[in-house]
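Only one chain comes next, encoded as structure tokens, the form predicted on its own.
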């Protein structure tokens, strides 16, 4: 008699981790089975019932859809954007208005669409409409509210994510019906997908004589956005911002996606959310626009926002009207903070001002320490170490190539690399040079940027260096693939070189009791640092190298660094035979790949 298979009830969607826990298997074994079936999924990624059923059945069990009365499993895995209330019980979470951002190609009508929605749907009974710009506003549709972030563009969207905030619940991707999918459209989609935010497509400019919606839908399907009418899961809504056509349908589509995504918050919790804007007002001092994403913010609450804190003295809505409290998804302008916070900072309410001061002091101390260390690059060979520590489950890549013919073989070869259970996830692959937008996406998602026969824009290079983003360029495809494979195996050896950060001219030599001789120097270029290495040149010849700076003083004070144009005293460990006219070069060891 055949042994009866164990039955597991599987919800419509669940994460790989939850599936593994449900059937008592290792998450890595589950991921291996998914990979063998051509499905790349990270441990926290959501998979649907059909995909989960394949795994369950290959494990020797039987899968059945979960019965509707069981809600615990569906609510247990909160999506990534709900980080403000990860530890709260599902019973305390109530529906809240969705927060929507609008992205797309530069002249496909993002701003026009925002403007017409605002003019048409912000509470009509308010005389004069909106009286001030606060970076966000709420509209009403069928008695339900929707919050729009009035900062269109994937640069703004990703800049917020790069600072730790997940501002939007839903992204509206605007595509012109006469122009179709553009490279910037694909860029915007990459930023949205990296954030795991659901997409609604607004097919704009359908009023134009040369509009071709069916052609654009085919283009959307080609980049993975299959319209729901073609059996896909993306709502594509024809609209015209100019003629005010389709606006009701677009708002309805947003609410449908919101219902599927189950956007919730706990209105009774201490408030938390995201800073949308910060500025210094001449009459009111530091002013910040806050988007409440959990809890209820009240006048008099003590708020910590980045390295700013304070008791809220006053709150204003988008009309400039004073309000006493702000519920989840409501944007408000507040006064009372110690300084203007940065857009994208997250804010929280704390119980006492003393606690707020302590949090801010610690954050400033960490920021100063990080600034002294310089940017810490997350590079290819460090990915493996993070995987072993359990911090990384997949390698995020951004790929830029010179011609379309190179794109497919490179992407296919990279996607086939799965070593030691680390998956390769290509966030964005496109023809063209490496740009600032690529680096912003890398900052927000912790990705490595790979280039094949392309240049790095100077602005992108500077942004990457200041944020520790690893850019690797190649002119041979197999070398690129080999480097990534070696990195996944933990075998890629980093290459370092000494970089000169400053030079100093010795103008005097002083004898210091018990310390030998110290050089009185003038910093000609760059800077001298206390933790730098040093070499001494005399008449162009190196007479001492690989020394460390043992002392760096200005007047009677020990200092960490001295910049060009200033004088200082320099002591080196293991060398004090200075002569006037010697040149000291200060170096730091930096990775070059």
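Residue numbers count along the first chain shown, from 1. Since the structure is predicted, the reported quantities are computational estimates derived from the model, not experimental observations.
As for the form predicted in complex with a small molecule, it is not shown, yet the points below apply to it.
Chemist: Should residue 241 be counted as a contact of the small molecule in the predicted complex, where contact means heavy atoms within 4.5 Å?
Modeler: Residue 241 belongs to the contact set for the small molecule.
Chemist: Could you confirm whether residue 106 comes within 4.5 Å of the small molecule in the predicted complex, counting heavy atoms only?
Modeler: Residue-level check for residue 106: yes, a contact with the small molecule.
Chemist: Should residue 112 be counted as a contact of the small molecule in the predicted complex, where contact means heavy atoms within 4.5 Å?
Modeler: Yes, contact at 4.5 Å.
Chemist: At 4.5 Å between heavy atoms, is residue 96 in contact with the small molecule in the predicted complex?
Modeler: Although the small molecule is absent here, residue 96 would stay clear of it in the predicted complex, with no heavy atoms inside 4.5 Å.
Chemist: Out of the stretches listed (277-285, 342-350, 430-438, 206-214), which one is close to the small molecule in the predicted complex, meaning heavy atoms within 4.5 Å?
Modeler: Looking at the partner contacts, the answer comes out as 206-214.
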